[in-house]
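The chain that follows stands alone, in the form predicted alone, written as structure tokens.
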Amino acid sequence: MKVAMVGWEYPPFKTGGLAVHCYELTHALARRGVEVDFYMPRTESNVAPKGDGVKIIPVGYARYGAYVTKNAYGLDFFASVHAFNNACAEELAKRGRGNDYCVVHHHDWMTAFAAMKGKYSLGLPMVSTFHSTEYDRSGMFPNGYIRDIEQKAMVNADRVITVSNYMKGQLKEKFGVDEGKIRVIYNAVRTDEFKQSWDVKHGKEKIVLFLGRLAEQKAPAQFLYAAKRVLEKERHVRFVVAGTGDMMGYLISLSVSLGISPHVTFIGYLPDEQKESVYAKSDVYVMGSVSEPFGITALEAMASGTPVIVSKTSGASEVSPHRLVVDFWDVNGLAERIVALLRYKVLRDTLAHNEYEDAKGMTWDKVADQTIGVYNEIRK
């Protein structure tokens, strides 16, 4: 079986969980004997993507990281996406006729047009994986251009893969996708890459961690409001905010106005080589997103033996019966759960152990097997 896969990013070029997913999925597929040609934008860097057995085909050109800047949906970005899709479609048509691809598989809206053109020029079935949609990123005011691309991809896809039942419901409700062609395949984590929290914790202060993009979708302000309530009951607590985004300045000001700034540390972007230690040293991990199709960081925290609190509007809430959940708007409820985990060691250790065991069962080999199952449903 040979697959043409199209993605916007691939390590070391990454802005989030999408790159991790593409890397781990393609390598797990390769371990199953599936040949993967991974088409991605050519970048300005001379650093080569980490293919390691997966054939990387860079085409066109895109300024790496373009869509996570403040000018995320500016004309330059749309032009970059358009140019990449045209170049990718041409390369697919050229290579595909002699490559015996059985399916074209793309990830998210930035690569949809290339996949659709490949589907019809080569007569291939098409799989669309949606890790999020414009409704997740923009809430009540989605960008119409992007939403229309997502809609077209879902209509033209023979199968649509998404990362949670929460996301499946959104595809049915917001886009009218036929339930019969949606397949839910959860993300995974490599537990061997993470340290265990009970081996490295130290110091008098307990640590509560927020890690993510500093944007409304991720609810960082609610995290700080909950921090204020926690500190009214527990003084020896440090709230660590890891990540960057447009809300950084506002959040720093908010921590000052709430009177909690001595207990809040903003550490900015967290490289992979530091992330595992930060997870492991934390006593509680909070992912209280307004909308989170999955939330791979919750799995990473679970793999570190750190108990998690996740919002009900997140896909990660579906993968473990041992996690604590809260409504994203319920600041008091979030504070109560944080206090409970900080005060009661038995509760904290029990949840940490059980969540770790749940994370061990979420493997990329399982994701690959389920993905191959989707390919086999539609391959000619």
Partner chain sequence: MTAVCFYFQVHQPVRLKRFSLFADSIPDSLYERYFDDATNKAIFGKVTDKCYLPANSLLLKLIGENEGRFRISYSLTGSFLEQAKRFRPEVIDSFHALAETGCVEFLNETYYHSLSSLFEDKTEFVEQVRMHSQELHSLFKASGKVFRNTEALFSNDMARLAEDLGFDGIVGEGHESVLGWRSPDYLYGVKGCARIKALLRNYKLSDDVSYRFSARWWPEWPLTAEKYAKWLAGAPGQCINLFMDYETFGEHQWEETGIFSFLAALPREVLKYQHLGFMTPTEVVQDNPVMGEIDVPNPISWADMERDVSAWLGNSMQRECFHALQGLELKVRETRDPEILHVWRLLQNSDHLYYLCTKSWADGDVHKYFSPFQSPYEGFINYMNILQDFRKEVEEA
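Residue numbers count along the first chain shown, from 1. Note that the structure is a prediction, hence the values are computed from the model and not measured.
What follows is about the form predicted together with its partner chain, which we do not show.
Student: Mark Glu336 yes when one of its heavy atoms lies within 4.5 Å of a heavy atom of its partner chain in the predicted complex, and no otherwise.
Tutor: It does: once its partner chain is placed as it appears in the predicted complex, Glu336 has a heavy atom within 4.5 Å of it.
Student: According to a 4.5 angstroms non-hydrogen atom cut-off, is Tyr344 in contact with its partner chain in the predicted complex?
Tutor: Tyr344: yes, in contact with its partner chain in the predicted complex.
Student: Although the partner isn't part of this model, could you tell me whether Glu232 comes within 4.5 Å of its partner chain in the predicted complex, counting any heavy atom of the residue?
Tutor: Yes, contact at 4.5 Å.
Student: Is Thr43 one of the residues lying within 4.5 Å of its partner chain in the predicted complex, judged by heavy atom distances?
Tutor: No.
Student: Taking a heavy atom within 4.5 Å as contact, would all three of His322, Asn332 and Asn354 count as contacting its partner chain in the predicted complex?
Tutor: Yes, all three are in contact.
Student: Residues in which of 232-240, 299-307, 273-281, 255-263 have heavy atoms within 4.5 Å of its partner chain in the predicted complex?
Tutor: The contacting stretch is 232-240.
Student: Would you mind checking 293-317 for residues with a heavy atom within 4.5 Å of its partner chain in the predicted complex?
Tutor: The stretch 293-317, when checked against its partner chain in the predicted complex, contributes only Lys312 at the 4.5 Å heavy-atom cut-off.
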